[in-house]
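So this first bit is one chain, no partners, the form predicted on its own, shown in structure tokens.
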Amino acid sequence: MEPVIEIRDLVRRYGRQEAVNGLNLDVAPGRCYGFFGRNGAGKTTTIKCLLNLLRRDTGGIRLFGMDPVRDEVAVKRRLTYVPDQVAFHPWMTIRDWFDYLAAFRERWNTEKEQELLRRYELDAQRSVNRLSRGERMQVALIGAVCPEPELLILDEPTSGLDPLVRREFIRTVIGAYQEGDPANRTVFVSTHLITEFEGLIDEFTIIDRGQEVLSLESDTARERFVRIRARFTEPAPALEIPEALTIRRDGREAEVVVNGAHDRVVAQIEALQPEEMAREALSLEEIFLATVAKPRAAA
């Protein structure tokens, strides 16, 4: 199938600094795609290039098979975007804001709008100028899903939400959006709150300093990235394991994180005769930390 998002050798500079340097990425229809990286890694710059809010220096971008510069209107009518800092016309109410957004769309799910306003106890007649940061993000996300676009682009969409609300909001809003037409609704989400999206992300790319570090399907990543824990009867011996991403020793315990080669590493540790040993898959957040940070060993 033709990718919803296709990026080829994207480069974007700010003066002499390369914010994005040779990035390649494909997002298939119906996927929830995670875009992970530390602050300043190039995530927001990439998204703004996708949306033609920034002009790329070199490289190719296609959305729905179209050029977002030449076919900007045709592209943007099929997607919605929520930035990390949302802004409204300050004289509007929530109702005014939704009516304004709906005027530019062929579709608007009024039932979904009313359901979400009730669920999050938001009064449609309330002034947007009197909303908290978390409430502003809730209103922006509701406004993004009600047009039922083919592509939902989110840049740190839950950073302003109360921790008690975040997880439920992700499930009820983003999860429900995809479930409405799972084969054709695609989510591209840039976030540092990776744990909150753990159960939704189908595939992800990690970038660092503007370059791709890792792209994998989530299930494949969990199979490859494994933590091996061992406990010894005496202080844990020094471990020389070239395949290890991280090695940590603490008293009688040792912990090794590997990307593949699990059986060979397990056999190597078993040869040292630990009294206990276990292995477990890493979460997506742990995979991100192991991939980007890559501390080698700690005594």
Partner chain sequence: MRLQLNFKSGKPPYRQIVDQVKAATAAGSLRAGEALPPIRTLAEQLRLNRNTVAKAYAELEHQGIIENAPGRGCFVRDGGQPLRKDARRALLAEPIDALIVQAHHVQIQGEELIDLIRERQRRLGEGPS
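Residue numbers count along the first chain shown, from 1. Since the model is a prediction, treat every value here as computed from it, not as a measurement.
Separately, the form predicted together with its partner chain exists; it is not shown, and the next lines address it.
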property: Which of 133 to 141, 100 to 108, 87 to 95, 215 to 223 lines the interface with its partner chain in the predicted complex (heavy atom within 4.5 Å); result: 215 to 223
property: Its partner chain contact in the predicted complex: Glu72, any heavy atom under 4.5 Å; result: no
property: Exercise: Asp123 in contact with its partner chain in the predicted complex, heavy atom 4.5 Å; result: no
property: 4.5 Å heavy atom contact, Ala230 to its partner chain in the predicted complex; result: no
property: Contact of Gly175 with its partner chain in the predicted complex (heavy atom, 4.5 Å); result: yes
property: Candidate spot Arg31, Arg171 and Asp202, all three touching its partner chain in the predicted complex (heavy atom, 4.5 Å); result: yes
property: The unique member of Arg209, Lys76, His192, Arg167 whose heavy atoms fall within 4.5 Å of its partner chain in the predicted complex; result: Arg167
property: Residues in 255 to 281 close to its partner chain in the predicted complex, defined by a heavy atom within 4.5 Å, in order; result: Glu280, Ala281
